[in-house]
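To begin, one chain is listed below as structure tokens, in the form predicted on its own.
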């Protein structure tokens, strides 16, 4: 990829505010940029607006009654909320992995193939290649190759989460959002997902939502601290955790707030 393209932000959030109905705004005047092929962590206590924010980035909030926003979200320079933009196409380009893995009631193979099929892939030989590549990218191929035609119920919760990641990768998104992806995982499975996130940034732009401070420090290149719907501070992860500029950030990363 051309260096100028790599240097340009893939997402630009400009003066974003969000409401559900006539309540007070859930997010207030957020502005920041997401760099390509980096991990950007969004940190902050529960109910600070992290999930609302990422659901704006791939138009999932469209399904929420009385949702409205002001400001702009630019993806590769285009406003995601412009009238001519197809929200379904946005969700293909900006995928999401949720906290609780929810494999389909299909075989392991069909779970991953489904992602490619909804993008228009039909020949079985091509599907085979995509399924293997996606499972390898999710560090799961060696564990499931002998049981591809069996259901995911026999997999551990961590394996099921990596299967959901493989399913998301099969669509070939540019951006992949992880919304508390380790929330259901034990201490054995969590490092596997963290290592996977670090590896995936070679090919994808990743946004990682977590309220675990140390986890954000381990996996991300950039971090934004949200508190009560406000983006208090955004910058390089090392700076956020070792030399924060706002006292609230310092209190949060040291465990004295939230």
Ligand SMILES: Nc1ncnc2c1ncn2[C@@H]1O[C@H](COP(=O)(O)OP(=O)(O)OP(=O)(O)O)[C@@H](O)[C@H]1O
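Numbering follows the first chain given and starts at 1. Just so it is clear, the model here is predicted, and its values are computed rather than measured.
What follows is about the form predicted in complex with the ligand, which we do not show.
Enquirer: Look at the stretches 45-53, 193-201, 216-224, 30-38 and give the one with heavy atoms within 4.5 Å of the ligand in the model of the complex.
Expert: Looking at the other structure, the answer is 45-53.
Enquirer: Any chance residue 143 has a heavy atom within 4.5 Å of the ligand in the model of the complex?
Expert: Flag for residue 143 set to no.
Enquirer: Look up in the model of the complex whether residue 26 has a non-hydrogen atom within 4.5 angstroms of the ligand, and give yes or no.
Expert: Residue 26 belongs to the contact set for the ligand.
Enquirer: Spell out, yes or no, whether the shortest heavy atom distance between residue 64 and the ligand in the model of the complex is within 4.5 Å.
Expert: Yes - in the model of the complex, heavy atoms of residue 64 and the ligand come within 4.5 Å of each other.
Enquirer: Should residue 180 be counted as a contact of the ligand in the model of the complex, where contact means heavy atoms within 4.5 Å?
Expert: Contact with the ligand, yes.
Enquirer: Heavy atom within 4.5 Å of the ligand in the model of the complex: which residues of 204-224 meet that condition, in order?
Expert: Going through 204-224 in order - heavy atoms within 4.5 Å of the ligand in the model of the complex - there is one hit, 211.
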